[in-house]
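Shown below, as structure tokens, is a lone chain in the form predicted alone; questions about how it binds or moves come after it.
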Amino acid sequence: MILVLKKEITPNQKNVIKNMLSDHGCITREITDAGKNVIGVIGKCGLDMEDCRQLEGVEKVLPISTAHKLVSRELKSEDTIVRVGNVSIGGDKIAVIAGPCAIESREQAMTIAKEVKKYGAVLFRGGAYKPRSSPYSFQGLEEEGLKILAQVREEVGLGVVTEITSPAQADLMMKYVDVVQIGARNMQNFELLKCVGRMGKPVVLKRGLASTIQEWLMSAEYIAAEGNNNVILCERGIRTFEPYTRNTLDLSAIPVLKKLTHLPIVIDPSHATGIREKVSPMARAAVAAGADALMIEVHHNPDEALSDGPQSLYPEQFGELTRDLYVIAPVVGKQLDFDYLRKNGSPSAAPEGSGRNRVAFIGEYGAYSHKASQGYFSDEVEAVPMSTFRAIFKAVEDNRVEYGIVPLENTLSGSIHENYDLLQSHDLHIVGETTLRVKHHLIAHENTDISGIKRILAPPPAFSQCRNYLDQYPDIELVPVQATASAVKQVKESGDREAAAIGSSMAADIFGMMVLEEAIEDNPRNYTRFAIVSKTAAPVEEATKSCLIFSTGNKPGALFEVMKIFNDYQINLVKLESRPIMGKPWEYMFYIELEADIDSSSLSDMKAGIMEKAEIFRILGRY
């Protein structure tokens, strides 16, 4: 059962509850779920639900109907995010784990690790102990393989994942690796499950060859019951009658698991298909189905691999796959971030006493800017709401926060001109960007009907993005506010049942409101691109994108002369925006984005030519 505690509960009352449960033989787990303090009670307990309802400080008691209690969505409605160093598995980012099936040598492991990191992998996988169908097949380098994995972490900067096959290996795993994996054949090796539960390290739990989802979740429960909640479920295909692939990848397990459990889900299409050309299509499908992570086998010379060469991608194929995933992920509200490790691994110093870096966004928690900040930084950075875009720039400029995240343009409503003007007037640097698919929902109080709505609150861009829907209700008053989450908060706090807001499902959850209508935007291709600004430039050796602002003399052909320089060097311009120069009527500053590193030595002559033609020239960012 679940004990939901009152917000005003005192520490003493909580201790009394926990001691009483313990005295009656109850096993308890205390968690925070959706802002509520919850105690999960499992095992044989001498108290019934009615006894627990009478305890001082308990708001309500709910039953857990499933056998897999600790990993159940009933116990914890929020998704669990498993952290491996600076990497988070779960949430808005797609985590890619890649590497060879088996560690064969130091040279092989280092070569592959550098390649997969270059193409976007955030963790490195490789087997040191290899349980094989034949006793005569390569069984792994054992401890020597673990030492090589530790060297990969030290030299390449990737956390390492490997399989544990016996409790006797636990001490070595604790010494050398970051994530332990339970293989398919050991999914119901209960002593091994208890062992990794006691180890406390993150665990990748693979589904058994012919196991049901319920059996799989009960194996996860064994690990959680030992106190380790850092479990990642891995679907790697199940054995069926179909012989054209090694196994049958059960992608339907993803939405089923999303409903049943709060644990993150990783898909292993390499072992599922066993065929190289089938891996990428199934990986793409897995992301579209809602997977949190992928585990991909990669080898620089698969024809000579000692294990599973036919299913291993070449590094270049892996790079092509991650580029595809980068495009697919935003459609399902996720992102694949090629710059993940740099952003999380070497942030600038946080303000004294704050504990971690901070990013300013506009609106309230649950705003699209808040969601974009989570997608870019994960939740390792503290999000700080601001009332205006100008306040964001000022907070970064005054060192009150390390980063600001501001929208630059939307595919339906166009550019956010205010932020282009603020980039011009503040001495800040663009250090990155992120794109978010914006799904607008109409949000109101519980048990409200659209026929009773007389006012809708939202920022003006949201109104323009939902014009077709709003035109159906011409009598409803449109009330402009600063941000979508601010609109949801105002409707919530006003108690006005005739008012609704346009916002995200995240905002609806945060403020306890009901989604009245889903996806009311005019076009599903509704994306907003955000810039991340900082007081210091991004520490990149070679950038793939540069942002500039410049002005030209007020004479015929002045802009053409600058554009011709870009053309002569075959530089692709992806954005050109003109904005008035403050205090100089009819004169303009040009904001430009190019797919090149403006500071690279090969473009030094181009840069000099532009500076010669421009009256004002400034690099806003390289990333």
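Keep in mind the model is a prediction, meaning the values are calculated, not measured. Throughout, we count residues from 1 along the sequence that is shown.
What follows is about the form predicted together with a small molecule, which we do not show.
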query: Partner proximity in the predicted complex: Cys101 to the small molecule, non-hydrogen atom cutoff 4.5 Å; finding: yes
query: The small molecule contact in the predicted complex: Glu163, any heavy atom under 4.5 Å; finding: yes
query: Heavy atom of Asp92 within 4.5 Å of the small molecule in the predicted complex; finding: no
query: Proximity of His417 to the small molecule in the predicted complex, heavy atoms at 4.5 Å; finding: no
query: 4.5 Å heavy atom contact with the small molecule in the predicted complex for all of Arg83, Lys258 and Asp292; finding: no
query: The single option of Arg153, Lys130, Lys535, Arg276 touching the small molecule in the predicted complex, heavy atom within 4.5 Å; finding: Lys130
query: Residue (of Pro385, Gly159, Gly183, Pro461) lying close to the small molecule in the predicted complex, criterion heavy atoms within 4.5 Å; finding: Gly183
query: Stretch from 175-183, 483-491, 450-458, 426-434 whose residues place a heavy atom within 4.5 Å of the small molecule in the predicted complex; finding: 175-183
